[in-house]
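Here you'll find one protein chain in two forms, each presented separately as structure tokens under the names structure 1 and structure 2.
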Structure 1
Amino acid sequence: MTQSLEVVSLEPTPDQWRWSFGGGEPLLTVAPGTVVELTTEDCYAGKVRGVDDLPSVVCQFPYLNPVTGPIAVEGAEPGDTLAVHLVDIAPARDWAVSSTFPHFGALTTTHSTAMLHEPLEELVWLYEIDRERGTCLFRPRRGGPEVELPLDPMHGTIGVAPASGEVFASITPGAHGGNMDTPEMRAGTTAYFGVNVPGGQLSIGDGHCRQGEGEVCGTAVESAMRTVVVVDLVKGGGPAWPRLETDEFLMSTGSVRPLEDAYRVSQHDLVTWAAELTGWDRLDALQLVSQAGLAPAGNVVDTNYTMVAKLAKRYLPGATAADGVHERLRATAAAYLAQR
């Protein structure tokens, strides 16, 4: 690496995994612009390794969804914007797992959706991961054709410490980020988080080889990951809810219940953001987003649901988000990948 490119590694041991956002001391402190190579374990903490490993038997509840971190960023203060660019997300193993949980998911009875019918049966699916070909193989448990799916690695859980000294379980999404489970959180994306505590305290986990929108059964193709991020800092301008930027899109998130309020939060934030970036009146921004916006679901299974509001940047003439940090971090990522 060149001297101007600061690269550090973070590979926590199991006793260093965290199970919450907030309340923990940082494992690592970095300067803005640092490239961080890190590892994450899957949501089962690596204990589900085959179809006979039922999570209810091999996992220790509530110790699910471990995250790597926190990572403190020098100079980050409440009200600032922490920018996290996902450079690379790669499965760490040649297998991954998914499962149904009896009381977890969008199509079963849960503790907050009480039904008289029996909960879903607990089953585990083992996926073969071919990293060279970029595929994962779905094998049905009870007969029928196998299906080869393309890899689309992402992180379901990423965020910062919450405000007001609060601590949230890592399975919970909210204004701090957390377990949003949006497939948009893939390599090439820059995520923006409002800083709530000194250092920001970034944590990342819950790697998915791929996931459908909504994560309807409650789990994705879950995998340990080797991930590279660039972290940076924009003074001021901290968003109320996590925002995302890619080369083509701007996105806002909302993570609450019920689902329609998560939709409203994300759409409100995107309309407000579009108005700020263009100088449009808020109702003009509302009209444009209404006609050109997209609304992919993140999750409809967690303690809060997540919706994403998405708008192509080509519809925002002259707009530059977060002082152009996405373009700068893309350049840093390209320099890192060229020299790796």
Structure 2
Amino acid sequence: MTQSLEVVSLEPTPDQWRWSFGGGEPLLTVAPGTVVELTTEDCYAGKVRGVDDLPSVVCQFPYLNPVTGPIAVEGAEPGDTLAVHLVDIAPARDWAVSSTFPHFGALTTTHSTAMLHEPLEELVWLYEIDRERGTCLFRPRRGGPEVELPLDPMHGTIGVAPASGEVFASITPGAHGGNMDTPEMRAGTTAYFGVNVPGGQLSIGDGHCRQGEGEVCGTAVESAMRTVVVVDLVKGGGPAWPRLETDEFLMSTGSVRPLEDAYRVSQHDLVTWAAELTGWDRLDALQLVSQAGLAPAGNVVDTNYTMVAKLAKRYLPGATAADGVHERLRATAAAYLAQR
């Protein structure tokens, strides 16, 4: 396999960043199976560089959450499955930032959960990133102990062009993926998206050095990233909602409001998927998922909320998802890493 490894690079300049999913021409077109080495800027478009850079001052709405892409995949047609394996996600700088943001987050009044309170105070936290030791350092702004947290890099935003000609801001998660903000989107994961337009049009951004489930303050440990993905195509079988696979788990996602509907969407998809993969009746799959499934929050702050439904593959005897593409992409990733 290594002899045929196609590797391309995608390092967009700021004028090439995109701010939405859907519309626009691809920035890159690749054959299925291509390894793409790409760079992403952070959700602040790199403008918050210290604790005095308040996002509401230095950022210019709506120029938030730039994404790298779209990457068109040759041969991808509506109804197909676009598979993206995350090979490596490496912080590009030795610092990262997080912040509150006026009227954004789960524990504050927002544009949608409109109330008469003044916004919470806007604060920025600067994290030191130690790539050698694999840590990021939390420094409280107003005293108290510092905490060293393990790096667990992931991408908050990844997805394809929506159906029906819709164009969504890159901060919106949905059936097309987008800003799902789940920590499960780490290296080692393969994400599956249903293709809605020719080429699929994959974009990726919003790197996080790590993120708690729900992203309760509204932002993670935000960082520019140097990321490697393998992009592949499975003909047909495009899922209605993004799905994830790791060596150990299958996962379905749902990104709607209220949060119980995001739970319903993700669990419904996982139950249906489990039934298809095993031959179980859907009520039998419902029963198994009820006893063995996990349900972590993705985000509870974005324009849609995201829940993840997660099931260990060892509880799905004989099941092979998406024609086994995850295994193949793992091999591609290993070959790439061996020769890098």
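Computed from a predicted model, the values in this text were never measured in an experiment. Only the largest set of C-alpha atoms that superpose within 1.5 Å between the two forms is called the rigid core. All residue numbers here follow the sequence of structure 1, with the first residue given the number 1.
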Checklist entry - Between 1 and 2, where do we have the form predicted alone? => result 1
Next on the checklist: Please determine whether the C-alpha atom of V147 is displaced by 2 Å or more between structures 1 and 2 following superposition on the rigid core.
Outcome noted: no
Next on the checklist: When the rigid core is used for the superposition, does H117 move between structures 1 and 2 (threshold: C-alpha shift of 2 Å or more)?
Outcome noted: yes
